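First, one chain by itself: the form predicted on its own, in structure tokens.
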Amino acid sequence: MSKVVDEWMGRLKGKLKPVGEMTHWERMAAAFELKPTDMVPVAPELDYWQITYAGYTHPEIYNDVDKTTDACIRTWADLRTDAIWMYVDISHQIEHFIPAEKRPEHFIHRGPNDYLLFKPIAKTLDEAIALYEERTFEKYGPGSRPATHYTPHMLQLLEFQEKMDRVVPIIVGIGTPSNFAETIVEVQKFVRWTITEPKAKLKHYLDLALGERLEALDFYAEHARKNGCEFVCLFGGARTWGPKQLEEFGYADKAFVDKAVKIFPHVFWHICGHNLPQAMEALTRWDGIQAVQYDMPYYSQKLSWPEWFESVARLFAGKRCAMNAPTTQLACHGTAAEVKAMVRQFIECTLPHTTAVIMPGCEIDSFSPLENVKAMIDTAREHRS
């Protein structure tokens, strides 16, 4: 039982006006299942943004689970998006690999609105392999933020979801093997190693990352799925891999997906950065993924945004729900009118071919103006199916 959840239940239960003819949950599920919706769902990855929107600073909520949960629910209650993203920062992903006395040197707190920065925890491939072979995540896990902050926050939001009779789904994010393999050492190092290191050694590292991630899914099955979680975002890595690298090393993520989709009904893939068309095509072949949150085309592609939206929608037709618009850069630095225009472009280019969810390719920056976030929500609500 959570005090912060009970307080919000008292304010919201039975007092919310419907948004459209479907509930938020029904709207998201229908889009994922490629079925008609009353309006285009809108579920931006608010993450850090919802913390400052609720009046907190990032350092303030860093060690306060109740304030973190309060910020997520408060933001949803005001804006009524079609899903609530749980808050995640980089310490939730890698702190369990680091002994307590060394953690301060790896995580950097800056200003009240700034993301938590981090320093990689391995400099060489041998060091990265040792982290897994020595099972440091098991040794340091119990006192780390995944256990002390991430999990309680997740459970509080899932408690809210269930007590609200599943009006709105909670989105739980889970890092994939490639995401962890890259994060621990830095993306650019890992990509370099795919060329300079022996393939067998690199695959051994990926196999170790896969093993830990498959074990993590057992945790999510016990603590997330059994507490009502159905919507899961798989945070993909491989955002700068070329076609040959995808072919050689994509097997680890595929094995991870195969297990995840057996646990959760609604799974989608997050791929941000300079993703190649080959990566998008691979995601249409991986059974069970219902939707893809994708970002910008590769720089070498001479495509306008409408052309990119349509090409992805055609690729996903009959296979996947497309999730995009506006760009995170436009949401932060553009005008409300520009945000509305890009959301309309995405809807117009996507709906003739597949279902759509308004969801920028990555998390909304903390410095993004409120009017821009409202613009993307309002534009989605204007489009009736």
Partner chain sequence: MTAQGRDPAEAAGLLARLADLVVAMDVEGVRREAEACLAAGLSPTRVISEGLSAGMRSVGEKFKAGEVYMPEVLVSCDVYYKGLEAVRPHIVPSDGSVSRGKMILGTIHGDIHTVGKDVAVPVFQAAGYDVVDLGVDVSDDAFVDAIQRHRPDVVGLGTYMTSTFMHAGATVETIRRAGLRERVRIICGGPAVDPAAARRMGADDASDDAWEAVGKIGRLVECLRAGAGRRAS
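Positions refer to the first chain, counted from 1. All values derive from a computational prediction rather than experimental measurement.
The discussion below concerns the form predicted in complex with its partner chain, not included here.
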query: Partner-contacting position among P265, G228, G242, G211 - heavy atom within 4.5 Å of its partner chain in the predicted bound form; finding: G242
query: Heavy atom within 4.5 Å of its partner chain in the predicted bound form - residue from A122, V191, L155, A221; finding: V191
query: Location of its partner chain contact in the predicted bound form, chosen stretch of 109 to 117, 250 to 258, 78 to 86, 199 to 207 [non-hydrogen atom, 4.5 Å]; finding: 109 to 117
query: Its partner chain in the predicted bound form reached by all of Q278, K302 and Q329, non-hydrogen atom within 4.5 Å; finding: yes
query: Contact of A130 with its partner chain in the predicted bound form (heavy atom, 4.5 Å); finding: no
query: Exercise: A100 in contact with its partner chain in the predicted bound form, heavy atom 4.5 Å; finding: no
query: Residue contact check: H333 to its partner chain in the predicted bound form, 4.5 Å heavy atom; finding: yes
query: Interface residues of 337 to 366 toward its partner chain, as seen in the predicted bound form [heavy atoms, 4.5 Å]; finding: D365
